[in-house]
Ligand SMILES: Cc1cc2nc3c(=O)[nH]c(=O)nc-3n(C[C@H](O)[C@H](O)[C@H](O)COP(=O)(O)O)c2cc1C
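Only one chain is given next, in structure tokens, and it is the form predicted on its own.
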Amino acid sequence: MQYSSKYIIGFAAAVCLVCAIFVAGLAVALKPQQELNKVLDRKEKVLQVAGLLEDGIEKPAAEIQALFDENIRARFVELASGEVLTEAQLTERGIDPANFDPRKYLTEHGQDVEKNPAGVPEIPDVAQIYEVMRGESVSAIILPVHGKGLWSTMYGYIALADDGNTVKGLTFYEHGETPGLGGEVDNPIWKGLWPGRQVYNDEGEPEIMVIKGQAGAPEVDPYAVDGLSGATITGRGVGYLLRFWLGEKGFKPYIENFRKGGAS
């Protein structure tokens, strides 16, 4: 039996339509779970950069959530003043802590900033940060950072000790850098070079930077971290984004308040 060209084209179109509807429906059905997985992944990264979860060790979602709830306190900071917002202030601004999406909030409330080496075009008026709790005291603060690498915007967290200056860890939860080159920002060995480095110099300005080549130990080169072989631009981007978010336009006002004991 021979089929006409119209029949064949019509049949193929019908099959494509059915498949497209199926795929689209599946994507819509799975989106809520995908969003939950993204949130869980960020919590896992927060725990890792805080030193509460070993990098590369998989744990059940319930265990990760429990560990997060027991040790991490999420706060909301007004960048300009560095003040931690109260629940009443969050309500006034229409911020729901339980469903806060930093990317969506930035899209809706972003404020343009002048051109900068980190490639950050706009900043929010309010940002979510995390505090690592030791009883009733804060043992470390974890700040969200992002900026341009070579091929992508890199999103991650930096953890600072309770002096607001000593790095405890750095991690990225999303980027599109080249595997084996810029993608080495995920390498546990490279991330292991960050603890003990210092952010601010004697003048109070962020001086931390990824250099070309090798840096000495933290006590010798407190502001320098080894470069990534074959990924100079990505490494430089990491340094620039840290300087931006730890500077006046970023979390420096909050860190200064934290040091004085007035931010928590």
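Don't overthink the numbering: it's just position in the shown sequence, from 1. Nothing here was measured: the structure is a model prediction, and the numbers come from that model.
Keep in mind the form predicted together with this ligand is missing from the figure; the text below concerns it.
Within 4.5 Å of some heavy atom of this ligand in the model of the complex lies at least one heavy atom of G182.
Interface membership of Q198, defined by any non-hydrogen atom within 4.5 Å of this ligand in the model of the complex, is ruled out. Not displayed here, this ligand is approached by K212 to within 4.5 Å at the level of heavy atoms in the model of the complex.
This ligand is not shown here, but in the model of the complex it comes within 4.5 Å of a heavy atom of T232. Site annotation in the model of the complex: the residue of S139, T178, Q111, T86 reaching within 4.5 Å of this ligand with a heavy atom is T178. L150 is the sole member of A127, L193, I95, L150 with a non-hydrogen atom lying within 4.5 angstroms of this ligand in the model of the complex.
With this ligand omitted here, the record of contacts in the model of the complex names 222-230 of 50-58, 198-206, 222-230, 64-72, defined by a heavy atom within 4.5 Å.
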